[in-house]
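Before any questions on how it binds or moves, here is one chain, the form predicted alone, in structure tokens.
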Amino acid sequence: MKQSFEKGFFAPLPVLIIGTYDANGKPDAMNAAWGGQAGMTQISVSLAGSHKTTANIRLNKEFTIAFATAEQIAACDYVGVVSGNSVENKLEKCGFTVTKSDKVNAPIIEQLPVAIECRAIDIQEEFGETRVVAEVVGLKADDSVLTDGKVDYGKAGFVTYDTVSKTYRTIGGSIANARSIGRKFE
């Protein structure tokens, strides 16, 4: 029997580390779980309007999204619990180093193996929240997480955020080939 709840939830959520530059070219990053793919070439993220990262996106209209990994989860959590508005060197404190993306005006975090390079195409402000829709203009991936020239989620060690228990969870192994396993019912 299914139980009924007042509110629903969407889980699991990817743990996204959003990288930006401020007006002085100083890198910043924050942990955000409210985001995902919106069609084949776009992503959408929802951020509080007060975040430094949000202001940087409004300013530059470009950013990167790296996927948090189990190996770097403490640093990934840190950039989410500490505000760039109050801690200037939070990337240095958690051991993150950055290089500039060659496709957008935003930093790539070297310790995270996969990053998407994004250009904002729509920024909506409502009720203190900012929803950013962006075009994906590039992807960077370390050789260490590739298999046959493609990102291998098993090697990458990505994590998700469980909104119910407020914990990070690892992504498990492959269970079946998509768009194939269901053909047994044909």
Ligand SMILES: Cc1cc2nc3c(=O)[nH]c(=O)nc-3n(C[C@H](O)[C@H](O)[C@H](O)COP(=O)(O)O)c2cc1C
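Residues carry their position along the shown sequence, with the first being 1. Remember, it's a predicted structure, so these values are computed and weren't measured experimentally.
Quick note: we don't show the form predicted together with the ligand, though the next part is all about it.
A.B. asks: Within 4.5 Å of the ligand in the predicted complex, counting heavy atoms only, one of 151 to 159, 32 to 40, 59 to 67, 133 to 141 shows up; tell me which.
C.D. replies: Of the options, only 32 to 40 has residues within 4.5 Å of the partner.
A.B. asks: Might Arg119 be said to contact the ligand in the predicted complex, defining contact as any heavy atom within 4.5 Å?
C.D. replies: No.
A.B. asks: With the partner left out of view, is Ala74 within 4.5 angstroms of the ligand in the predicted complex by any non-hydrogen atom?
C.D. replies: No - in the predicted complex, heavy atoms of Ala74 and the ligand never come within 4.5 Å of each other.
A.B. asks: Decide whether Leu112 counts as a contact residue for the ligand in the predicted complex under a heavy atom distance cut-off of 4.5 Å.
C.D. replies: Heavy-atom contact with the ligand at 4.5 Å: absent for Leu112.
A.B. asks: May I ask you to check whether Leu47 falls inside a 4.5 Å heavy atom distance of the ligand in the predicted complex?
C.D. replies: Yes.
A.B. asks: Using a 4.5 Å heavy atom cutoff, which residues in 81 to 108 contact the ligand in the predicted complex? It's fine if the answer is none.
C.D. replies: In sequence order, Val81, Val82, Ser83, Gly84, Asn85, Lys90 come within 4.5 Å of the partner.
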